[in-house]
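The chain that follows stands alone, in the form predicted alone, written as structure tokens.
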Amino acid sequence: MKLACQEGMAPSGALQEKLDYLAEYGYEGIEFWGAQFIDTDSSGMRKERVAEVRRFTENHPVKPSTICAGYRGALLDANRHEREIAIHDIETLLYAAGEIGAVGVIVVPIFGSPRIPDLNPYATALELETELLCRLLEPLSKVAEKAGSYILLEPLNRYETHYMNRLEQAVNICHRVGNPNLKLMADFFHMNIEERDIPAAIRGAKEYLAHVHLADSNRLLPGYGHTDFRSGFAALREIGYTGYMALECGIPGDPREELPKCAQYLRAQMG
């Protein structure tokens, strides 16, 4: 398993310096925010950003791990225009991920409450959302194939979204769509709220798990809360997971002190 950190959490403003700091602190990957790769004026890819990332990471020990969301619109919006914007941006990010060598693009179907009406007894809002999501993910997964990257569905806790809170729910979507370039990711912060048994949830997602986010129970750096990372990491080892685990959390102090300390703590939890 490889430790990664989101770009915005690393010290300094220049990418080269961020990469150097992360390598020094013991990290092997860097996760980027998706909006940086989208040119909102032309609605295309920001080629200069892709070129910058490729230039600085090509011969660097710290490699691009993933692109985290950052797209406009929402896949499960009732407004067709909002869905089309999300589809376009996700496609752009999938190609950007392929070009920089990242695993894929983290996708949250919707934040907050339902935007699609409940049409019960014909269908509930949840049933309609699931049907719509699968219909949208089928062609998007084929784009991921062409781009050489993956769609990474992220379950969030109930306070951030009403839809897809647990790993098993994302597994069901992946299984239903049936495209090998549709995967899921596991976030320890969200799992701490939603999963009854984190190691069991990880084992149940074995076939589709392709990325991990790290944050403690209070959404600070691991080690500042009460999450049992050791048992979760043991489950990851058990299923043969060797991918990135990226920090997505607050830093309660100076990153130059806290990030190396966190890497040391996490490696101890890995055993």
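Every value quoted in this text rests on a predicted model; they were computed, and no experiment measured them. Residue numbers run from 1 along the displayed sequence.
FYI, the form predicted in complex with a small molecule isn't displayed, but the following is about it.
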Among 142-150, 118-126, 89-97, 185-193, which stretch sits within 4.5 Å of the small molecule in the predicted bound form, heavy atoms only?
185-193
Run the contact test on 28, 221 and 265 with a 4.5 Å heavy atom cut-off to the small molecule in the predicted bound form and return yes or no.
no
Partner-contacting position among 77, 160, 168, 138 - heavy atom within 4.5 Å of the small molecule in the predicted bound form
160
Proximity to the small molecule in the predicted bound form, single hit among 173, 198, 108, 103 (heavy atom within 4.5 Å)
108
Examine residue 69 and determine whether its closest non-hydrogen atom to the small molecule in the predicted bound form is within 4.5 angstroms.
yes
With the cut-off set at 4.5 Å between non-hydrogen atoms, does residue 258 touch the small molecule in the predicted bound form?
no
At 4.5 Å between heavy atoms, is residue 156 in contact with the small molecule in the predicted bound form?
yes
